[in-house]
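The chain below stands alone, shown as structure tokens; this is the form predicted alone.
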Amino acid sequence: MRAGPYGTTDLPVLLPFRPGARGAAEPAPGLGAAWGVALALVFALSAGIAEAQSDAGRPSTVATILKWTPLLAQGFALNILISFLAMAIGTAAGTVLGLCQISLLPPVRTGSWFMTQFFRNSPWLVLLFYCMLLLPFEVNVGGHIVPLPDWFKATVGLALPVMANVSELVRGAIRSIPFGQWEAADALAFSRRQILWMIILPQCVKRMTPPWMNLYAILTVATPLCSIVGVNEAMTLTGDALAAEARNELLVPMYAYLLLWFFLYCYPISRATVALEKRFAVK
């Protein structure tokens, strides 16, 4: 307790978090380069073992993998396309859902909260199966039949949990803004819509960007789940290549090769996420 400016006593207050302060939690470490080196060593070691186990006269393990690389690249490109579309759809829908969670109307707020918690806590594979089985194979748009391919239905299935997680990101970011800013803007006769779009949400972008990027990395490594529902992405094509070669010794190096691809794609995202966390840290 200490004397205030007018002779009163000020109550002790909890100081805001300061990076580097004693007892402060350090940010969680991101995906380290050592994991990439370990994956490369696993791939090299498995390829060497497969080469030792292969029969004489057959193409080498590396030559076989390089032969199937263009096909695997097509499948991996489909994985990236699914991740892009699912993240875009989920971000757009999740932003609306997150804003509904702070609505002044109780039915809207309760309904959006229930939808967020339902899809956020549902297994991603179950949502994939539901979308694959419940969505039609084609839709009639203005008299024209538009087919819905399997990969698009899988994209919708992955967009649902992304929507729920983005909804929580939006709600949490808005709640993290000091309430004094709402009161100050209200005192200046701003409407609620103006306060959100001109004052609150621009500040939320910095707070949401690092976890949003982390969510995209998680979504990318989850796209091989689409192979279970019949989408011809990288995981499915790797299995087809193994079946065509009929060489059991290629099992580990082929999947290690695919795993290395995912690491090389997600590692820069992880590093950028850690950098943005440090840059946008609330002082």
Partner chain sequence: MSPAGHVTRTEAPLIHIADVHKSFGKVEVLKGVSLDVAKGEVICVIGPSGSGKSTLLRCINALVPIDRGSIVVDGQEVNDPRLDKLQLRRKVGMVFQQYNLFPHRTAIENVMMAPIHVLKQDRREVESRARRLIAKVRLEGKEDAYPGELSGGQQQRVAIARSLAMNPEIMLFDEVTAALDPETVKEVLVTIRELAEEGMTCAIVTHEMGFAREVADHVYFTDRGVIVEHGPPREFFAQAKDPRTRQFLSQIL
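Here the structure is a predicted model, which is why all the values come from computation and not from measurement. Numbering follows the first chain given and starts at 1.
Unshown form predicted in complex with its partner chain; subsequent notes refer to it.
Interface membership of Pro147, defined by any non-hydrogen atom within 4.5 Å of its partner chain in the model of the complex, is ruled out. Although the partner is absent here, Leu105 sits far enough away that none of its heavy atoms falls within 4.5 Å of its partner chain in the model of the complex. Using a 4.5 angstroms limit between non-hydrogen atoms, Pro202 touches its partner chain in the model of the complex. Heavy atoms of Glu183 reach within 4.5 Å of its partner chain in the model of the complex, making it an interface residue. Just one of Val126, Leu134, Met198, Val141 comes within 4.5 Å of its partner chain in the model of the complex, counting any heavy atom, and that one is Met198. With the partner removed from view, the residue among Tyr130, Phe84, Phe190, Phe152 that has a non-hydrogen atom within 4.5 Å of its partner chain in the model of the complex turns out to be Phe190. Stretch-level contact analysis of 87-95, 175-183, 115-123, 158-166 against its partner chain in the model of the complex, using heavy atoms and a 4.5 Å limit, identifies 175-183.
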